[in-house]
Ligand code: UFG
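Below sits a lone chain in structure tokens, taken as the form predicted alone.
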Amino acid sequence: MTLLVTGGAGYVGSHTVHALLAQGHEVVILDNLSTGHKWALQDCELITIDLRDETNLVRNLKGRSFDGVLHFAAKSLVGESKNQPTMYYQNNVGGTTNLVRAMQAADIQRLVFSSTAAIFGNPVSDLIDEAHPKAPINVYGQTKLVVEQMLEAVTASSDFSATCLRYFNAAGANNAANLGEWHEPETHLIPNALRAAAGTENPLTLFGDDYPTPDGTCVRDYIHVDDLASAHVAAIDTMMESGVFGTYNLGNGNGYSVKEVIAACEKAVGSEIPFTIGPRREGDPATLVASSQKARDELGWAPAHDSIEEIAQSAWNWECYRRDTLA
């Protein structure tokens, strides 16, 4: 297949590009490089466009033959989304709307959309499946839910097909491919813990230790980024056979507290990671753990890296490579 990957120079996007190339697919990346990295492009053709520029987007897709699009390009910082909601709606909702319109104009009818567990808000059950109520408690989650609703409406009114993959906590790295996580600013727990261990950042802060969880810290479902990548490959393969609109939750089904994750990072580093306790962050639910049974049943997908220790070790290997080679 020939596939377009938006945001293919970013974290999950670059790992998915790697997985697609390994399967023999031809990949073209569309990325404005605002948060992506040139070193992550993997010798693919790059179309440098901002999705908010619909005219340029339509012009560049016209006459191109793509079997489908995997769409990762988005703003994704919860705190930033609270402070700049119009930017998030313009980028995430407006940009995706422009992409769909440009795809339809170019007769490209398959889209795999990078969604998020943030659409669910505070959980009402121990495991979150696709039918769980959707009540996002931050602007980022709201924008992703609006896009899902838009895609469902588009598929109901045309020949367009869309699959929405709802990530829980992406983590880890592909050490063989020298791909990993690098955001500035970094907001994710594992890379921040590892940066603190390396002495390259300020001491780690835990946001709240008074949640209704076994050790008082938030519990999350961490999924290795390579497993997310394989889910995208499975989704586009499935869409070649059938499918109009589908939604899938992607996680390991295991919940780890912040303190448990830090312990796994300490094991990877071989030393204690200092941290302080800060106040809760607004918009952080106590627990988010996925049920991915639907993805297992319908996509034939299953995570291959279900150990938090393995995830932390791959992230530490990447952090060492990043500091020594790229930083």
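As the structure is a computational prediction, the values presented were derived from the model and not from experiment. From 1 onward, residues are counted along the sequence shown.
Beyond the structure shown, there is the form predicted in complex with the ligand, which is absent from this document and is the topic of what follows.
Participant: Quick one: which of 146-154, 71-79, 93-101, 244-252 gets within 4.5 Å of the ligand in the predicted complex, going by heavy atoms?
Facilitator: Going by heavy atoms within 4.5 Å, the stretch is 71-79.
Participant: Any chance all of Asn192, Leu204 and Tyr222 sit within 4.5 Å of the ligand in the predicted complex, going by non-hydrogen atoms?
Facilitator: All of them do, each having a heavy atom within 4.5 Å of the partner.
Participant: Please tell me whether any heavy atom belonging to Thr116 falls inside 4.5 Å of a heavy atom of the ligand, as the geometry stands in the predicted complex.
Facilitator: Result yes; Thr116 sits at the interface with the ligand in the predicted complex.
Participant: Taking the ligand as it sits in the predicted complex, is Cys218 near enough to touch it, meaning that at least one heavy atom pair lies within 4.5 angstroms?
Facilitator: Close contact exists here: in the predicted complex, Cys218 approaches the ligand to within 4.5 Å, heavy atoms only.
Participant: For Asp284, is any heavy atom within 4.5 Å of the ligand in the predicted complex, or not?
Facilitator: Answer yes; at least one heavy atom of Asp284 falls within 4.5 Å of the ligand in the predicted complex.
Participant: Taking 4.5 angstroms as the cut-off for heavy atoms, does Val27 touch the ligand in the predicted complex?
Facilitator: So Val27 does not count as contacting the ligand.
Participant: Pick from Asn169, Thr213, Asn174, Gln142: which residue has any heavy atom within 4.5 angstroms of the ligand in the predicted complex?
Facilitator: After the contact test, the surviving option is Asn169.
Participant: Sort through Ala295, Val258, Ala268, Leu57 and report the residue having a heavy atom within 4.5 Å of the ligand in the predicted complex.
Facilitator: Checked against the cut-off, the match is Val258.
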